[in-house]
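In the block that follows, a single chain appears as structure tokens, in the form predicted on its own.
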Amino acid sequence: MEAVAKKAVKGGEFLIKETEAQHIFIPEEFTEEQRMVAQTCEDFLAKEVFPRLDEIDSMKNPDLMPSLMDKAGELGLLGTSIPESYGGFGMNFNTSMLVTEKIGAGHSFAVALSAHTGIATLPILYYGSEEQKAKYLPGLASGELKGAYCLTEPDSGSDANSGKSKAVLNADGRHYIINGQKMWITNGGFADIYIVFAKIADDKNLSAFIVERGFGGITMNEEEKKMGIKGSSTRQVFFNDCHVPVENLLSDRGNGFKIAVNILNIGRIKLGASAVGASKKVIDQAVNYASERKQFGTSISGFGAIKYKIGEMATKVYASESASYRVGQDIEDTIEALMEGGMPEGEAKLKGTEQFAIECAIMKVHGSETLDYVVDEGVQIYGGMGYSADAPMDRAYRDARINRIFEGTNEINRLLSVDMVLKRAMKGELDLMGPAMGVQKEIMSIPDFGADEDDALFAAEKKVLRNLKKAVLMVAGAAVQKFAMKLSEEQEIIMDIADMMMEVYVAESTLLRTEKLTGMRGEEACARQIDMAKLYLNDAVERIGMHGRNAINSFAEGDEQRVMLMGLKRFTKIAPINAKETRRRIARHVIGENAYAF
């Protein structure tokens, strides 16, 4: 029954259904084999990447990054998602997430590896013909071939389908002739294989092509000078009468935009995991520095202001990690269920990820903004040294910033998460209308002041979560009623609703992880995790209240406004906790371990 219940989960359903702790995956459940894979990643960074960060960023040796990719390929780090039949390891989704998280601490190298294993390899794995997969995947898995992804153009960023690159079938019908310009192409300088998006003739939608560097007609500008990730090869790539054999059309004609969207779903959830890995590394460095740095005769880690930062950093990362692996397992369970139903593996993997596109967008935003918070406070803990290029926070701070732009900007992802929820509701895939109408009736009724008799762990917190979901449904439902099809023009309101949704999902994931972990290890052993779960929820309530008020005050007036604000106040109540002491307990544990230790 448990497996059936897990497979029945749908993307976006967290808003209207309660999830039981035993039905989610938590990082503490990784197997010994998965932990060995994670250790391999950590050892690789420690040996090959961290000692050479300055050399990597200088870009003086153009062979350095490709050689690091070769070494990663030898260890199997490029083939985790690729089936064994094509030279990979065929690991499940959360194992590939774990690799992404661990490598996420690797600055520019992490970007190169993620682009290669994700957006450059997965289109062939999921959409390629058997011949294409057999030809290209073994080389991509080993590192013999390096990959890049060519979608963005000077006039088409977030609006990717408006790209102007053209593909024209030549007279003998054996080649497509591609002409166009692509920019911000990661790995562009050394890639052997490019996934290129262009419109065939006057098609409305993009098509996708597998283009080999050796086909000719490919030129590029010098390496871009960037704020961060300086060691990542980023080029403008020009296609000038590039002859691509017709058999290198990827999937069907006009299917390119669909490929781009579906591959970005995977990129988004993995970017969230990568940000978790980068955040943990920064916490390790910041705590280590805070313990060594003395002012007024004592380590600065002993000061309350520093403990606040460390406690908050750890809590946000623990929360983001909890939600990331919850999504990862939901995707994996859905893939398995679809395959058991007879769907081919490649299609099942795409459908499984697409089912949780809402959560993928949420975690891309949460992970990248958590990392930005962590690196900012990391600089602050280092003080003057934080601003020095001789200390690690300089690189961490600059490299983090791109993540809010990569894989669709955070603004686009916020808009998408709400848009997808509403579209699924309109199609009848998510029953939002019934619960939303129930909430409307509830805010017109007398509040329930009854005491909560349940003294089980997190019983009170789960009641708070149920109310927070009502707050989201109330605000979203009223906004849809008010604006109908014109809601898309009210981006500020949509983004407030998106933030409410995000906080609900992450707070719930954190509670469920901690509840499951406590069941495994006991409350005493999980005291700090319980602190983090309660602290995150406490602060999430405040954030949801703020975004709810912003949204309501943007479109409601008079009695409607008054009733909704009263409802919001009712739905964002939580018993007070001593947040200062809670953060201090978390910080003391991290300082005692001299590392992020959860």
Partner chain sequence: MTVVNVGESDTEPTIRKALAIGADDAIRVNAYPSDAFFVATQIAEIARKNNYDLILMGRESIDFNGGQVHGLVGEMLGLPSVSPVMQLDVEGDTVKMAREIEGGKESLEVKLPLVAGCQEPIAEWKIPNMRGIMSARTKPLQVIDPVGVEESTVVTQFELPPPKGSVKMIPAERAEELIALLKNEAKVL
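It should be emphasised that the depicted structure is a prediction, and the values quoted were computed from it without experimental measurement. Numbering follows the first chain given and starts at 1.
Although not depicted, the form predicted in complex with its partner chain is the subject of the following passage.
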Does at least one non-hydrogen atom of Glu32 fall within 4.5 angstroms of its partner chain in the predicted bound form? yes
Quick one: does Phe44 come within 4.5 Å of its partner chain in the predicted bound form, counting heavy atoms only? yes
In the predicted bound form, does Glu74 have a heavy atom within 4.5 Å of its partner chain? yes
I'd like to know if Tyr397 sits close to its partner chain in the predicted bound form, meaning any non-hydrogen atom pair within 4.5 angstroms. no
Using a 4.5 Å heavy atom cut-off, which stretch among 106 to 114, 506 to 514, 522 to 530, 76 to 84 contacts its partner chain in the predicted bound form? 76 to 84
Between the options Thr40, Ser67, Asn553, Asn61, which residue brings a heavy atom to within 4.5 Å of its partner chain in the predicted bound form? Thr40
Checked Leu338, Ala425, Ile300, Met91 for heavy atoms within 4.5 Å of its partner chain in the predicted bound form; positive is Met91
